[in-house]
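Taking the form predicted on its own, here's one chain by itself in structure tokens.
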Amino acid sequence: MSYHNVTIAIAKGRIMEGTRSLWQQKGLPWPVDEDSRQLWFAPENERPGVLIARARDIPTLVGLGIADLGIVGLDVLEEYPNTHVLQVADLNFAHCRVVLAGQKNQWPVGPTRIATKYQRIAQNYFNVHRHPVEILPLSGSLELAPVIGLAPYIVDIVDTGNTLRQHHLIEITTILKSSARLIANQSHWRTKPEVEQVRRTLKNDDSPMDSSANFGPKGSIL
């Protein structure tokens, strides 16, 4: 197939590293020069176009149709939902967890302050459990919050958990298990057959998918 009419937006960091490995496994030329600051690589016949962006911007770029497809973590999709985006595949790499952690292995008692960059995920979780919380938005160094007395608990993403342990923090519960997801612009998924063909290439999936399917409230056809 020709890929000249398809563009994929890829999140920076671990997602891009995993995508490069998957891309090469599927025999697609990887266009990104790791030593370059270039962020846009136009599509060619032998590979889709590639747009490198911050993770939180991927749903917006795909939702607006700037990119046909995107590769981003489920944690980002849950934190920054977009009604014009469909989850079309779990790519099964970049596994991690969004967890509640504190200095003691104890569920919060009474109104609680939570430091996190995952404000929506944390608030929704505690709403479900009917537990009153004050969400303190922080963009980084969350592990310091309990240590310096800023907040007794944090909600953060972890892989091995080593950073938490280095700060003497304990995982209390897992809120969300995340992995890399392939997302598609809802309109392009229905009207551009090449978009589904890219999904089949990345997933080794030859089964056809119904472009007129009812996708459900979370925009997922997994």
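All residue numbers are counted from 1 along the displayed sequence. Keep in mind that what you see is a predicted model, and the values were worked out from it rather than measured.
Below, we turn to the form predicted in complex with ligand ATP, even though it does not appear here.
- Interface residue among Ile121, Val76, Val133, Val88, judged by heavy atoms within 4.5 Å of ligand ATP in the predicted complex: Val76.
- Out of the listed residues Leu28, Leu182, Ile157, Val195, Ile157 is the one that sits within 4.5 Å of ligand ATP in the predicted complex by at least one heavy atom.
- Across the options 106-114, 121-129, 93-101, 144-152, residues that bring heavy atoms within 4.5 Å of ligand ATP in the predicted complex belong to 93-101.
- Under a 4.5 angstroms non-hydrogen atom cutoff, ligand ATP in the predicted complex has Ser178 among its neighbouring residues.
- With a 4.5 Å cutoff on heavy atoms, Lys203 does not count as touching ligand ATP in the predicted complex; it lies far away.
- Among heavy atoms of Leu22, none comes within 4.5 Å of ligand ATP in the predicted complex.
- Residue contact check for Arg54: one or more of its heavy atoms lie within 4.5 Å of ligand ATP in the predicted complex.
- Although ligand ATP is not shown here, in the predicted complex the stretch 8-31 places heavy atoms of Lys12, Gly13, Arg14, Ile15 within 4.5 Å of it, in sequence order.
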